[in-house]
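The chain that follows stands alone, in the form predicted alone, written as structure tokens.
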Amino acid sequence: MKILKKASPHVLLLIYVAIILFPFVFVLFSSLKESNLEIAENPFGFPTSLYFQNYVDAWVKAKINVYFFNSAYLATTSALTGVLLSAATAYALVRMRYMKVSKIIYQFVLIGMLIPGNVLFIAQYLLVMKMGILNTHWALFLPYTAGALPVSVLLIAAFMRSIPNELEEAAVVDGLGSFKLFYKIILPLTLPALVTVFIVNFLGSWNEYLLANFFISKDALKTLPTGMVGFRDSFQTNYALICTGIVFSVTPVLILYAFLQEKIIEGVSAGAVKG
């Protein structure tokens, strides 16, 4: 009875994982099948022979490579910029000696978390159009970076509060100014929170569809989510190619989680407990 009680949560979790992975396994197997007929005859079975030509056709002929690299560099640059801005903002709010002003600015930043992103869509569209950057990657880079700041500041500020003041005092005694203190002492100590924020922001930008769909119309500038819609329309009768495109879109996310999941948990839990 005791063994059953201990094993039941694990069994439930294994069932849950199997249910979650089942659609992806279907997509993965279908991407390696040669034709729609093979998918229809054995939709959930392993391919009779691995047909990797789908990956070549999707990457080159369907221009997945263009959409992929557009998404990759937009998500990376906006996430990296958001991390640096958030870290500098959090450092100024938490460690500088302007308590009343810092508290007001901190509350003002957190108000951004209360506003759903879709509500700002029209305002963002008008702003981007007046700035003359519509249909360029700047139209996505700026909203992606700005939209991630409230949550990023919250997480990093919570982590920075756990850093002992004695470390900064010792660094000041050694002659470090505010700038060197920030990038030589504070940034390395805040690394788990920075990695967490980077990954959260990267995934948000990588999967974003609404702004990318309305702000970018040039095919060469489209990101992967919007490019995949056109890919689906162009190859709607070829399910193997569609499944191949889906595999390309989820692979970077899986790699990030596989290698950095410990940093994500460490950063979130440390900020939650010590903040």
Partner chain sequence: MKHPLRNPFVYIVMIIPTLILYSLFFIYPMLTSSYYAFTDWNGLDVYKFIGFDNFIKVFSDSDFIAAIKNNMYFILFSVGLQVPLIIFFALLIANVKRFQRLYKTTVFIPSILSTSVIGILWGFVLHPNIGPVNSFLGIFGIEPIFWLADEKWALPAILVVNAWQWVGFYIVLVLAAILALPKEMNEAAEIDGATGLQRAWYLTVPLIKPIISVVVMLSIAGAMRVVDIVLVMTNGGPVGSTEVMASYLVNEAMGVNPSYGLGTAISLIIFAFALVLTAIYQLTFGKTKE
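On a predicted model such as this, the values are computed, not experimentally measured, just so you know. Only the largest set of C-alpha atoms that superpose within 1.5 Å between the two forms is called the rigid core. Residue numbers count along the first chain shown, from 1.
The same protein has a further form, the form predicted together with the partner chain, not shown here; the description that follows concerns it.
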Hey, with the partner chain in the predicted bound form, do His10, Leu21 and Val101 all fall inside the 4.5 Å heavy atom range?
yes
Contact residue in the predicted bound form, from Leu80, Leu149, Ile163, Val195 (heavy atom within 4.5 Å of the partner chain)
Leu149
Consider the chain as shown here, without its partner, and state which of Leu127, Leu154, Ala72, Ile185 has a heavy atom within 4.5 Å of the partner chain in the predicted bound form.
Leu127
Is there a heavy atom of Thr190 no more than 4.5 Å from a heavy atom of the partner chain in the predicted bound form?
no
Examine Asn36 and determine whether its closest non-hydrogen atom to the partner chain in the predicted bound form is within 4.5 angstroms.
yes
Contact flag, Pro225 vs the partner chain in the predicted bound form, heavy atom cut 4.5 Å
yes
I'd like to check something about Tyr209: if you look in the predicted bound form, is any of its heavy atoms closer than or equal to 4.5 Å to a heavy atom of the partner chain?
yes
Just checking, between this form and the one not shown and with the core aligned, does Leu221 shift 2 Å or more at the CA?
no
Using a rigid core superposition, assess whether Leu37 undergoes a CA shift of 2 Å or more between this form and the one not shown.
yes
Quick check: Phe26 between this form and the one not shown - does its CA shift reach 2 Å or more after fitting the rigid core?
yes
